[in-house]
Structure formats: C-alpha cells, structure tokens
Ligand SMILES: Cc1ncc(COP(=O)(O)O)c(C=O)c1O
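Here's a solo chain for you in structure tokens, the form predicted on its own.
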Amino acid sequence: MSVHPNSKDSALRQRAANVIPGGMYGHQSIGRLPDGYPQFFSRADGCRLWDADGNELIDYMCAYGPNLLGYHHAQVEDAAARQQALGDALTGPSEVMVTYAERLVDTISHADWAMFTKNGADSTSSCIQIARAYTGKNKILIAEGSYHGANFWSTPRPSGVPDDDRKHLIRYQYNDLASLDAAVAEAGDDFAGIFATAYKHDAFVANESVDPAFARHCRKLADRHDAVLMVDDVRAGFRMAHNGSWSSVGVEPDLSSWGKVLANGHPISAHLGNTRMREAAESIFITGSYWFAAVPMAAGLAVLDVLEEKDVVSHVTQMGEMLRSGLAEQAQRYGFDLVQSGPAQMPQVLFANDPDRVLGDAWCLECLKRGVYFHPWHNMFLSLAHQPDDIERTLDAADSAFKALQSLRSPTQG
C-alpha cells in the first residue's frame, strides 16, 4: 500500500503541489497521517473506497461522516437525479425546500423552523449570529479543544486570523460544571450563549460521552441568564439518535447545527431553532449562491425516508459494537492496551502509552495494507452499508495487523 514514485497517487500529488497550496489542504490533507496513506481516490460504493491506484478498502471514515447510508445509496441517488432533471440552483428556491424544512421540523423535537447552508461551519456560525441577535450580547462559551468548523472564530489553525475575531469566546472544560460556571461568571453581563458538541469528540485524545448532569446544567444556565443553548450536531446528527443527539439525555437546545449526513454526501447543512429564536433568525442576513439548490434537499428528503423505513441508528450501533468487541479481544490477546472511546457508531481507536502515536500509526498502516481504512487519531464513522461480513473481514485484517505490530511493542506495553 506504500506510495511508489511511479504510482498514480504519487503523480497526482506532484501535479497538485504545483497548483494547490501545500498539495492539499484542510481535513482531507494526509499531511498528519502515516506515510503510505493514499491522498487521492477514484471511486466509492457502499462502504468501499478505491484509491487512485485501484486498491480496494473497507472505509471507516465515510468521507469524514457524510455517508450515513453508504456511498451511492440507490434511493438517495434516484431522488437526486429526479430533481436534477427539473433543476438545481435556480433564480429562486423550489418547493422541495419548504417540504424539506417541514420534514426536519417534524423529525427534530426542539425545532420549529429550519434554515439551510452548505457546510457545518456555515451553520455553527449562523447559530452564533442568531444567539447574539437574540440577546444583544457577545460572549459565546465553547469547550476547550472542541471543533465547530474552519471559520475565523473556530479554526484550529488560526494563521491569518486577527485576535479580535476570537475575543468574545470564553473556553470551558467539557463535562466540567465548575468550569462552565466560571466561564459564565467571566462573561458577566455580556453572556450570549453556550455552544457544546453532541459529545466530546476532540482529535488525538479519548472521546467522552456527554454527562447528563452537564447537559442539564448548560440548559439551566442558559435559561437563568436568558442566553442561548446551542448544540453542534454536525458530526453526530442522525448517527447517535433519530432526534437531536442530546434528546437521549432529555435536554433540548434552542439552536442546533447539522451537516454531513443530512443528504448522504450531497452538499447541504442546516441550523434548526425553536420559536424563541425565530425573530432573531429573521433579523440576520445570511446567504450563498448554492445554499438554496434543490438537488441536495431532494436527497435529504430521501435520507429522511430511509430513516423512517429502517432503524439506521440501531444498525450502525450494532456494527460499531461488533467492531469494538472484536478489536478489544484481539488487543488483549496480543498484549496491547487499546483505548476505544466515543459512541460505538463513531469509534475512536487509540493505543495507551503511545504519546507519539508510534503504535497507533503503525497499526493503522498495517490495517491499510490489508484493505481497511482506519484513522489513527480522528473518530471514525459506521454506515448502513457496513454489514457483518465487512466487520469480519475488517477484524481479520486487524488481527494480522496486531500480529505484525508485536515487533514494535514498547517496553511499557509488554
């Protein structure tokens, strides 16, 4: 699986380096992945990817989340094709926009209205704008290490970003009630809202489920100060629950941001809000040339149809638990201390006592060589297309990878 000098992937990297800064950018740059990972892919189907050199891989990233139902899901693609034949980006929106908004409002319990964008960062930023419009205040509380998109206020690599773009952000520690209280106190009379992720899914460190007491405390503080509670469901929406992700702990936000899975790979995101937020949402100006395009909305409606027909959340959870239990057994058998965290359907796999990710990188690369695309430090994603035989094939590859890894075991692990 290593990239040879004469491989197609290598040639594409050389061409890209001439016309794209850094050769590639953003979260799909492989600059922080082990040497040997492919940068370019030629096609995908179900839960399979083929890289530019034709190597077939069982994919556990699902394009970093969008493909909830699997690549090229027939029901979704048929709906998109029917709408494409009628029109996509038009001078005004199509009826499908109203229908899609109605369906989302019917599906998500806290939502009384919906607005559409293209990227998760568009919608998280819009939520902040609405919160500030509603309160007339500025300070937004966000968790230390959390990621809400690559806009100026939230990008993890703030080169070229003035400090003023972040001066109204106050950090708290996720699931830490005292830390949250301190952040509210620091905001004082300028407290506009709390932004929280569905669960703690920071890169490089073990993920963490939301503590119900923390979620309830967020709601209580927002209510006490007439501030706005926002939940970023861009990554977890429809994988953790058919409703909003915090519905499982009995807490409803005022605003939520959605993306990735909404249209199974077709480009659309959304932010949803309750009646209290409606007037503020009407007061702001946000727009984009492609935000009203009809094809992704038709695809989104088809996704909602599938979610009503099939228990997708249960399926991806079952597949994730099958994978997790198999990896745990293998790691124990080979004497490795594996740290598996996050929801089973969005697993993160790390190695204990591996601060420089030597073992994790090597193991993921060994899996890649055997036809499985794992990520060594980011949470991964299961889809409806992943079936038991895919998990079994994955575990066969992982077993061989653990065996190959034994020669790299550090003294602290064996």
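Throughout, we count residues from 1 along the sequence that is shown. For clarity, every value in this text was computed on a predicted model and none was experimentally measured.
Beyond what is shown, the protein has a form predicted in complex with the named molecule; the following relates to that form.
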- Is it the case that H110, R219 and D254 all touch the named molecule in the model of the complex, with a non-hydrogen atom of each within 4.5 angstroms? no
- May I ask you to check whether T135 falls inside a 4.5 Å heavy atom distance of the named molecule in the model of the complex? no
- Contact of Y334 with the named molecule in the model of the complex (heavy atom, 4.5 Å): no
- Message: Would you classify R239 as touching the named molecule in the model of the complex, given a 4.5 Å non-hydrogen atom cut-off?
- Response: no
- Task: Determine whether any heavy atom of T155 comes within 4.5 Å of a heavy atom of the named molecule in the model of the complex, and answer yes or no.
- Result: no
- Query: So which of 244 to 252, 146 to 154, 185 to 193, 334 to 342 is the stretch with heavy atoms within 4.5 Å of the named molecule in the model of the complex?
  - Reply: 146 to 154
- Message: Only one of S126, N274, T317, N119 gets a heavy atom within 4.5 Å of the named molecule in the model of the complex. Which one?
- Response: N119
- Message: Which residue, V234, L262, A80, I140, is the contact with the named molecule in the model of the complex, using a 4.5 Å heavy atom cutoff?
- Response: V234
- Query: Considering only 188 to 207, what residues come within 4.5 Å of the named molecule in the model of the complex, judged by heavy atoms?
  - Reply: T197, H201
